[in-house]
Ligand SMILES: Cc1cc2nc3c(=O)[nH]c(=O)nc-3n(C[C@H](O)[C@H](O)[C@H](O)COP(=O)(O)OP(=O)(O)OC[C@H]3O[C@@H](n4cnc5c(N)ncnc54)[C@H](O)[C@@H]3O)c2cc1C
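Starting off, we have a lone chain in the form predicted on its own, written out as structure tokens.
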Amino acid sequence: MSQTISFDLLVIGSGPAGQKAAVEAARNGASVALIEKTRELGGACVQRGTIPSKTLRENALRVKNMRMNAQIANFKLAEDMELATLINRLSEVLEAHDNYMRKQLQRSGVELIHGRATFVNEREIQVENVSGTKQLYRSQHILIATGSHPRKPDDIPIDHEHLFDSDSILSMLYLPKSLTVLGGGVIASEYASIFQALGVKVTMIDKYPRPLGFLDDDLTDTFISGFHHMGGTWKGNTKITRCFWNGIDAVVTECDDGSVISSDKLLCAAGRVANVKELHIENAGLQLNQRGLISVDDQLQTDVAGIYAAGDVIGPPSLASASMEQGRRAACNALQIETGNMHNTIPAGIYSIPELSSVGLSETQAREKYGDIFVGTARFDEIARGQISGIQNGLLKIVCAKDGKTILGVMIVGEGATELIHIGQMALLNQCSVDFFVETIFNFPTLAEAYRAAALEIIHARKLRA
């Protein structure tokens, strides 16, 4: 092993958190090394998660819309459709993204190191490349941004051929005729609705009464309604007692209510755990918490001074957008670069069909915290653009404080939700009164007009209460 090489910051992992951390630190004059185990950059987000699933979603939407317009185009999906055909632009998208990231790192002066990182102690990292050569790196500041991998329950025999996890589901060769989805979280809801939109018969099973339980009931009701309308089946309050490949033609799922579901394939979406197996974090004095994640304080620093963590490796919200900001802030905190306050108004985007998005407090959270509040809603089928575009299964909800002016949160379900939410986010961050949505002239017809309709409902209720 050659002489130890020192940097101002060592970043482990090139996903959203690691990449933004490295670039931010380098732009502020620090010497930075970004260590990535695989040949590709971007981590699971780019290679197996966000980008691949959203690429598939775009094609699922096209298929769904073509079916809706069957009178115009006599459309039918081939029965032996290869999954790769439905994500045919994926390699193109990934290559373009990889090129962009490499150029950005190079332009910023970040040293990119490919190899397997292992903690030697709290200040030193050993990296072994594919040829077995080992090199020691040292820094006073180290950021762990190694992401996560799917949780594998002991009683679910995932074989990546018949029973898949969220990292391997897109490795299926052909689009199955039926799919059982275990779980009711974000990943389960996204894949269940995407495959159902493609015409796969999907049964979604979870122990909780509703999917996406962190959202208000009216939003999840709209999601379930849309899922049922496409032909999907939601089975809440149901526990799995056994599931297995029958060795012939089906995955069999047995439930505690006595029901048995047979399907071509099964997806287990039972959450994710931190990717730290090869890091030997114990050599740095670190350990995982009870949830299998790395704990950090509000500065994103771990229990060991100088070691930071960001992104999926620290757990929720586990959003690429949040991970990017966590990474950037962790780098700034490590290098004592001043940042603004990390607010809690990160929008959540769920790319199911229909989309869901929220920012700030939900109605349920606001009632628990403040009791008396105002709520205004606008349904997409009451908005001209919703009628014109056939986007009628959706609603926008604004939650206001007792004064009927202070915006506490915005929630949206329906196509375009993940884009529309940013209007609410800007209003929330700038502490705008709900009247702002009425005083603003929106383009007509647009779905954004729903903000005005929901705000008017609140203002009317406020006047009645005065």
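Treat the numbers as computed from the prediction; the structure is a model and nothing was measured. For every residue, the number given is its place in the sequence shown, counted from 1.
We do not show the form predicted in complex with the named molecule, though everything after this point is about it.
- For the candidate spot formed by G184, L212 and V413, no residue has a non-hydrogen atom within 4.5 angstroms of the named molecule in the predicted bound form.
- Contact annotation: of the candidates Y137, Y351, F374, W234, the single residue with a non-hydrogen atom within 4.5 angstroms of the named molecule in the predicted bound form is Y351.
- Contact with the named molecule in the predicted bound form, judged by any heavy atom within 4.5 Å, is made by just one of A30, L428, I421, I35: I35.
- Heavy atoms within 4.5 Å of the named molecule in the predicted bound form are found in exactly one of 116-124, 378-386, 296-304, 354-362, that being 116-124.
- Among heavy atoms of G49, some come within 4.5 Å of the named molecule in the predicted bound form.
- Using a 4.5 angstroms limit between non-hydrogen atoms, I281 is distant from the named molecule in the predicted bound form.
- The named molecule in the predicted bound form comes within 4.5 Å of no heavy atom belonging to D216.
- Within this chain, A44 lines the site of the named molecule in the predicted bound form, having a heavy atom no more than 4.5 Å away.
- Shown here without the named molecule, the chain has no residue in 20-34 lying with a heavy atom within 4.5 Å of that partner in the predicted bound form.
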